[in-house]
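What follows is one chain in structure tokens, specifically the form predicted alone.
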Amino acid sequence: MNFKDLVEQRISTTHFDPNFKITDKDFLEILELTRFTPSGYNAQPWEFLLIQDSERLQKVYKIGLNQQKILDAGNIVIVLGNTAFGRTGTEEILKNWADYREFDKDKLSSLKASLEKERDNWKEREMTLRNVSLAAMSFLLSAESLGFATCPMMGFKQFELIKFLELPKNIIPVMMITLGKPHPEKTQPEKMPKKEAQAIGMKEGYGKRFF
């Protein structure tokens, strides 16, 4: 399947086969593709938490505003972001830049200072959200390419999810993704229309805006 076909056929599945559970092997295969996602500093500040057992799914179902697809899918992925990636993973990040970009001591020193820079909480959060959202999109397309159905979910009780998962302060839930196989009998929704790509003019020297 080429990339054009992949992005055109992927939909947010609403009806899942309730009898399907993804295996660890298949889940890791999705992550193997997802790990090539680009990120600032190559920090990769994301984690993917897979929940499958019935009791925990019931709790996530309530946290997820009672959306039936959580229970039907039987596999819910919590996409997590680490807002402290510049402080907790500094040495590994620096080593990668030294090994693969041949940064000298001065460049590594500047990179370290940028990573460890004191930032307001909202700035750390925004940086994390941008990075992790890229990985979440890669996850959706990777799962589709391997024959699995998904639906990204941003409607859930964030603070309740943090409490339920007992997340430390620096780990934030970015979104939830239902994962599974399409229901063999129920009809899936039609693909929603998307904006057509077009350009509009701006003042000379400012380029063009595209939609």
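Position 1 is the first residue in the sequence shown; the rest follow in order. A quick note: this is a predicted structure, and the numbers were derived from the prediction, not measured.
The same protein also has a form predicted in complex with a small molecule, omitted here; what follows describes it.
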- request: Work out which of M153, L57, L165, I171 lies within 4.5 Å of the small molecule in the model of the complex, going by heavy atoms.
  value: M153
Contact flag, I177 vs the small molecule in the model of the complex, heavy atom cut 4.5 Å: no
message: My question is simply whether K69 lines the interface with the small molecule in the model of the complex - judged by any non-hydrogen atom within 4.5 Å.
response: yes
- prompt: Any chance K194 has a heavy atom within 4.5 Å of the small molecule in the model of the complex?
  reply: yes
- prompt: Hey, in the model of the complex, does R10 get a heavy atom within 4.5 angstroms of the small molecule?
  reply: yes
- prompt: Where, among 61 to 69, 157 to 165, 180 to 188, 38 to 46, do residues come within 4.5 Å of the small molecule in the model of the complex by heavy atom distance?
  reply: 61 to 69
